[in-house]
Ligand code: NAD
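We begin with a single chain expressed as structure tokens, specifically the form predicted on its own.
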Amino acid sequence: MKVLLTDSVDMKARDILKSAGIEADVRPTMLEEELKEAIASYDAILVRSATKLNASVIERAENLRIIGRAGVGLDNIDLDAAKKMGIEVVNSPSGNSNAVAEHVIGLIFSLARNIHGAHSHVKAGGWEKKLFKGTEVREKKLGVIGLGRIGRLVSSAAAGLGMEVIGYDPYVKEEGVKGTAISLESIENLMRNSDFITIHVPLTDGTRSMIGKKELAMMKDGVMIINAARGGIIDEDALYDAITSGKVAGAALDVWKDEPPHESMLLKLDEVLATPHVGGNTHEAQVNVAVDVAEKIVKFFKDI
């Protein structure tokens, strides 16, 4: 069996595969045409988010039995094409959850205290304290859209900071949040009452642009928005208008509709804190997801 590892997947994955007698080739960066030429030689491929396994690539994977995604989201993999070819797809739904949750809490603090702006100001030679009067998160309302692993971790951490947590998830009932600090609300009530809103849902046809002009208009004046889930969930043009009008006081975006977002008008706004899709990018998380998916690939080949 041969496995291709791309996107700088942690080398512990290679070690696990090799110890199981599986040949593992490491090619961190591959252009699409290179991947199309190479993929037919492999029984499995292990990727992070940079490699795009679209239909035209998967159709060339005549020997591929399994795709492993070292992370949560599967939007860089054409699942329909994989299913058509009879290729199993596995991921690591929890390996980087803590890393993303911690990043979200950091983004909340940075928005509340304008840490990013103060940093740039001092580095540029400034020392005007009056420009950077922030707000405390204690006793503020945090709206959490999506109560999966990451949403719940963020909720728990926020509650520990003295925030009041309002949650919305159409798949979670009252008994599902019993014993937590989360108060379940309708999405309309969440939008109207939250001081901060953070999003933790996958990108699907149902969630694409779920935060648009209408939803932004519902929100409190001065709301701050965090998205470290998936780009495309927020309508970026509508968000730009909401920030420039003063409706939204700030936004922290780790994910973007187009990545990298070099053409986004949002990058021109001081109220926007931008990070390059690094929510799950900690040493610990990258080891966790690589090990998890490598072990799933080993099990897959043992079971067939």
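Because the structure is predicted, anything quoted here is derived from the model rather than measured. Take the two forms, superpose them, and find the largest set of C-alpha atoms that agree within 1.5 Å; that set is the rigid core. All residue numbers refer to positions in the sequence shown, first residue = 1.
Just so you know, the form predicted in complex with the ligand exists too; it's not on screen, but the next bit is about it.
Q: Which residue, 27, 277, 65, 247, has a heavy atom that falls within 4.5 Å of the ligand in the model of the complex?
A: Partner contact (heavy atom, 4.5 Å) among the options: 277.
Q: Among 213, 220, 149, 121, which has at least one heavy atom within 4.5 Å of the ligand in the model of the complex?
A: Result of the distance check: 149.
Q: Would you point out which of 111-119, 135-143, 161-169, 82-90 contains residues with a non-hydrogen atom within 4.5 Å of the ligand in the model of the complex?
A: Among the listed stretches, the partner-contacting one is 161-169.
Q: Although the ligand is absent from this view, report whether residue 182 comes within 4.5 Å of it in the model of the complex, heavy atoms only.
A: Although the ligand is absent here, residue 182 would stay clear of it in the model of the complex, with no heavy atoms inside 4.5 Å.
Q: Decide whether residue 106 counts as a contact residue for the ligand in the model of the complex under a heavy atom distance cut-off of 4.5 Å.
A: Taking the distances in the model of the complex, the answer for residue 106 is no, it never comes within 4.5 Å of the ligand.
Q: Wondering, does residue 234 line up within 4.5 Å of the ligand in the model of the complex on heavy atoms?
A: Outside the cut-off, so no.
Q: Is residue 156 close enough to the ligand in the model of the complex to count, meaning some heavy atom within 4.5 Å?
A: Residue 156 lies outside the contact set for the ligand.
Q: Scan 179-193 and note down the residues that get a heavy atom within 4.5 Å of the ligand in the model of the complex; none is a fine answer too.
A: Not one residue comes within 4.5 Å of the partner.
Q: Core aligned, does the CA of residue 75 move at least 2 Å between this form and the one not shown?
A: The answer is yes, as the C-alpha of residue 75 shifts between this form and the one not shown by 2 Å or more after core alignment.
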